[in-house]
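One chain follows as structure tokens, the form predicted alone.
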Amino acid sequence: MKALVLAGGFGTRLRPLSCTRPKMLFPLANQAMLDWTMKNLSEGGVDTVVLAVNYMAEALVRYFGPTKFDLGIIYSREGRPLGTGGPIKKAQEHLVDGEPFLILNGDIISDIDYRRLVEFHKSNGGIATIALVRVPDPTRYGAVELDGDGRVARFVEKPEFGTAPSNLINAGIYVFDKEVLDYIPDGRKVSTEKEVFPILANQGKLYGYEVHGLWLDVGVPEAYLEANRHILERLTREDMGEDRVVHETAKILEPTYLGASVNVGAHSVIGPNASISDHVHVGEGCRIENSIIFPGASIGDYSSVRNAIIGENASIEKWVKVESGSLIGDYATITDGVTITEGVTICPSKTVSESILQPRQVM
């Protein structure tokens, strides 16, 4: 079975974090986000993945190569962004083999059982099936109304508050028959959610399958940190990196991941829900919790990082505070004694020498 993973550059609040890697390669417990999806696809009976790429495509090609996790990997390159539907049409030569194929948005973290989803699709008589999850607020997503047979009666993309047909929303995971490709215009940007699904729903050819368990749309810092927490809970000590040096007076609170060649100084407290990537230096008396630290970053003595994300080779100097929801970009420097308050984004390679106490982006 084949799967098409849409790894293109969709809008995200996480993009200003890194100048060297696309979001799909951001670490979760020191492994690329897309690795977790690829592993799940391999375990779910998929043998070939088509990666639809445009933004930082070469980084993805270098990272995955022609095969990984026993999957053959084919790259479908977009010269310009084609939305959510255009990449499906462009990749059709790799997908149409007489069998249904899976489609996934690359920024979704899920433990969905793909075999069951495909079995449901084959049994329902439609040409497209959407995986659905139940959420408290459907206004950010495509909301769905099902009839008694599991057929999608209505599909409303990003409904206004109070107008959603239900709290079941599009999970960004689909099974398509090749006939669906006839509904996608060629050679232009296409929104599957706005231009294809409503037509299929009106024709009675679109079905929905509610899934349960882990599902996260990792487009904002809060969801990225939550995904990290879920992944950490699944790990064991055997998954940790090698050659770590943790001072005997430091405390590591589970669940926490320490990558290879991580150094943690005296009296520091790391965790819970902290992911420390390879070659990170943590000084004395530091406090890091519910945060993700990219490779090569340095956290100076007596600094704290809480509910935040620190980019690759960033330098957090002494007595610094980085607070909830903040992003510190690759190679950025936060100098001694600075406080970065909630919801601040520091773009790559910037130096910040004064406290920032209101949410904003430093370009």
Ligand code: GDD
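On a predicted model such as this, the values are computed, not experimentally measured, just so you know. Residues carry their position along the shown sequence, with the first being 1.
Below: the form predicted together with the named molecule, not depicted.
The closest non-hydrogen atom of residue 158 lies within 4.5 Å of the named molecule in the predicted complex.
Taking non-hydrogen atoms only, residue 193 approaches the named molecule to within 4.5 angstroms in the predicted complex. In the predicted complex, the named molecule lies within 4.5 Å of some heavy atom of residue 105. Though the partner is left out of this view, residue 221 does not reach within 4.5 Å of the named molecule in the predicted complex, counting heavy atoms only. A heavy atom within 4.5 Å of the named molecule in the predicted complex is found for exactly one of 82, 181, 71, 252: 82. Of the listed positions (145, 278, 78, 289), a single one reaches within 4.5 angstroms of the named molecule by any non-hydrogen atom in the predicted complex, namely 78.
Heavy atoms within 4.5 Å of the named molecule in the predicted complex are found in one stretch of 212-220, 226-234, 268-276, 117-125, which is 212-220.
Contact check at 4.5 Å (heavy atoms) against the named molecule in the predicted complex: none of 50, 101 and 208 pass. Shown without its partner, the chain has 170, 171, 172, 174, 193 in segment 170-193 as residues with a non-hydrogen atom within 4.5 angstroms of the named molecule in the predicted complex.
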